[in-house]
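Read the single chain below, which is given as structure tokens and is the form predicted on its own.
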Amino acid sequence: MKVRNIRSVTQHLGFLILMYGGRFGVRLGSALPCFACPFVPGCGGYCYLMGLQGYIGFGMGALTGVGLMTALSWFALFVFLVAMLGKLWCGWICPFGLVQDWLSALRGKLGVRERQITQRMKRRMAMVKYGLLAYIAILPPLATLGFLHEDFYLPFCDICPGKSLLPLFAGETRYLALNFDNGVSLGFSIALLVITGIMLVGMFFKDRFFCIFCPLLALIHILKPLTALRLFKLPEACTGCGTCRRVCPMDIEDVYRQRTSPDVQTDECLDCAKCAESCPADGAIGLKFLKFKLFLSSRSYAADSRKKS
């Protein structure tokens, strides 16, 4: 079975389990390194950002004794999951990532060309995800200390397009409505709808558009030194054809340009392995777990894939 087929099966299984698993007793907790949403009724688990905001914000006062141990245990689980699979969570498991891939497939079916973003602009846009990490770290404590309204306890969830879009797959539409409980709630609900609209347009016209801004992707990359599973390149085997650059959904150029180091795991890489699948140079690009090579590019594999695509 081709890697792309294995990835597709894994993505769809991940979507079913994380979106609906709770209805069948699946409880994977709140430390997942992917955009599964707690606002989906019957979800099987959800992303660590929800729990992180909770412990930073309204959980601060409880971070003693059992509360502290709970926070540390969820953090340890998150780190362990990242260490084991790295960004495979993004490219192979994330439900919101699959929704983006569906939109890209729809664009292709309709014959609409993908819009390109210059590398300079993309680098600027990519910094937003680190700004969102700071936003997550700063606002909840200010709410706890009384400097901000209590609705700032979960500031990222309240503007996350996953909150408005993923529940739709479970028949939940309430997060598409304005919340008039108070001014802060109204402001957040307006911001959510605006951001969702922008992201929907962006995700339709550009592959994995939301991933450019994803703070969870940034957090996973910060833990890169711990990850066992990585994309790598053997520069001496590279022919400089540029195929890896053309097929990358994130338009990453580093894999193509790197000529000295095997480390090509950039902060935007999703470990989707499309570059390795498409590379016509034997052994130039691959995925490895620790020192074990899981997949290596080859001329025959790339040629066979082109015939069947």
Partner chain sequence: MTSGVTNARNERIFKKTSDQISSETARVLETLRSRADYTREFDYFLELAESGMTPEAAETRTGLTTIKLLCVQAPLELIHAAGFHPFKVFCGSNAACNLASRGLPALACPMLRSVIGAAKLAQSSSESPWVLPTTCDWVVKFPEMLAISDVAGEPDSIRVHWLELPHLKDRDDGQRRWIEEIYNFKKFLTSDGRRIKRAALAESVAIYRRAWQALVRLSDLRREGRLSSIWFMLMTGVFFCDSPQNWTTAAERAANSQMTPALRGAKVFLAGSPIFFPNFKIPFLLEEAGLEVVSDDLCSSERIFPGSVACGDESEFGLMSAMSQSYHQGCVCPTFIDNDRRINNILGRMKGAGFKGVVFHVLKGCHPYDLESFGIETKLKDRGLKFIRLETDYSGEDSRNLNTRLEAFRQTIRED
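Positions refer to the first chain, counted from 1. All of these numbers come straight from a predicted model, not from anything done at the bench.
Below, we refer to the form predicted together with its partner chain, which is not included among the displayed structures.
Taking the partner from elsewhere, no residue among Ile6, Thr10 and Leu88 has a non-hydrogen atom within 4.5 angstroms of its partner chain in the predicted complex. Between its partner chain and the residues Ser30, Gln265, Thr243, Gln53, the one pair within 4.5 Å by heavy atoms in the predicted complex involves Thr243. Heavy atoms of Lys233 reach within 4.5 Å of its partner chain in the predicted complex, making it an interface residue. Taking the partner from elsewhere, Ile222 is found to have every heavy atom lying beyond 4.5 Å of its partner chain in the predicted complex. Using a 4.5 Å cutoff between non-hydrogen atoms, Tyr48 does not count as a contact of its partner chain in the predicted complex.
Using a 4.5 angstroms threshold between heavy atoms, Gly171 stays clear of its partner chain in the predicted complex. Stretch 235-243 is the answer when you ask which of 127-135, 210-218, 79-87, 235-243 has residues with heavy atoms within 4.5 Å of its partner chain in the predicted complex. For the stretch 127-155, the set of residues having any non-hydrogen atom within 4.5 angstroms of its partner chain in the predicted complex is empty.
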